[in-house]
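Just the one chain here, laid out as structure tokens, in the form predicted alone.
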């Protein structure tokens, strides 16, 4: 059994995917298996977030004792790592592979990744806490590298291009998911929450002068109706800019050569 103290000795190389877990003797609790545990974990994390997730609460969700879970996992971090890899399955790799060129493949990966982050707000803070080296995460990562390699950028420029696109997607999806959750916690639709928030500071005299340079863009955004439409429009346009930037860099490299 892997203990937290053991992992603390080697935090950089700590992952459930790197550990050789000795099989338990005998049979596990009836009706319980790792897939069921992980599925329940994803539901709980979606509903309660990382702060509301514990082995005790997970056991209650499954109708078993907390000790029953340790038949299949050693720590709460194990479960979170399994949950992370499970939601990476939501990125449609068949659709990525069907893309006609690197542009289509990058767009499909970016859109699916963003939607995954929005569906599972707990994923964003996990990105820097765990190695994300499960089989599904690695499959997604390999498709990202293949798509970027297909751009024609030199090897030295490919990591920067991956960062430009997918760190943008990470940030965009994180903000979108947190905004959606904040509106839900307030018992409001995203549209009502956005309208109310903007009105709160636009109508406040102390902000009037500072907001003067932003009036045109605030009015433009308000003209689009739903917040969902704004999310979709802005994401698509930003992705177009990034793709155009990659194309420009490829052309620059070719001209330099």
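Positions refer to the first chain, counted from 1. As the structure is a prediction and not an experimental result, all values here were calculated from the model.
Missing here is the form predicted in complex with another copy of the chain; even so, the following discussion is about that form.
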**Prompt:** If you check 115, 76, 89, 182 against another copy of the chain in the predicted bound form, which one has a heavy atom within 4.5 Å?
**Reply:** 182
**Message:** Is residue 175 part of the interface with another copy of the chain in the predicted bound form - any heavy atom within 4.5 Å?
**Reply:** yes
**Request:** Decide whether residue 130 counts as a contact residue for another copy of the chain in the predicted bound form under a heavy atom distance cut-off of 4.5 Å.
**Result:** yes
**Message:** in the predicted bound form, does residue 170 come within 4.5 Å of another copy of the chain, counting heavy atoms only?
**Reply:** yes
**Message:** Just checking whether residue 186 would be counted as a contact of another copy of the chain in the predicted bound form - the rule being heavy atoms within 4.5 angstroms.
**Reply:** yes
**Request:** Taking only heavy atoms into account, state which residues of 201 to 237 are within 4.5 Å of another copy of the chain in the predicted bound form, ordered by sequence.
**Result:** 201, 206, 207, 210, 213, 214, 216, 217, 220, 221, 233, 234, 237
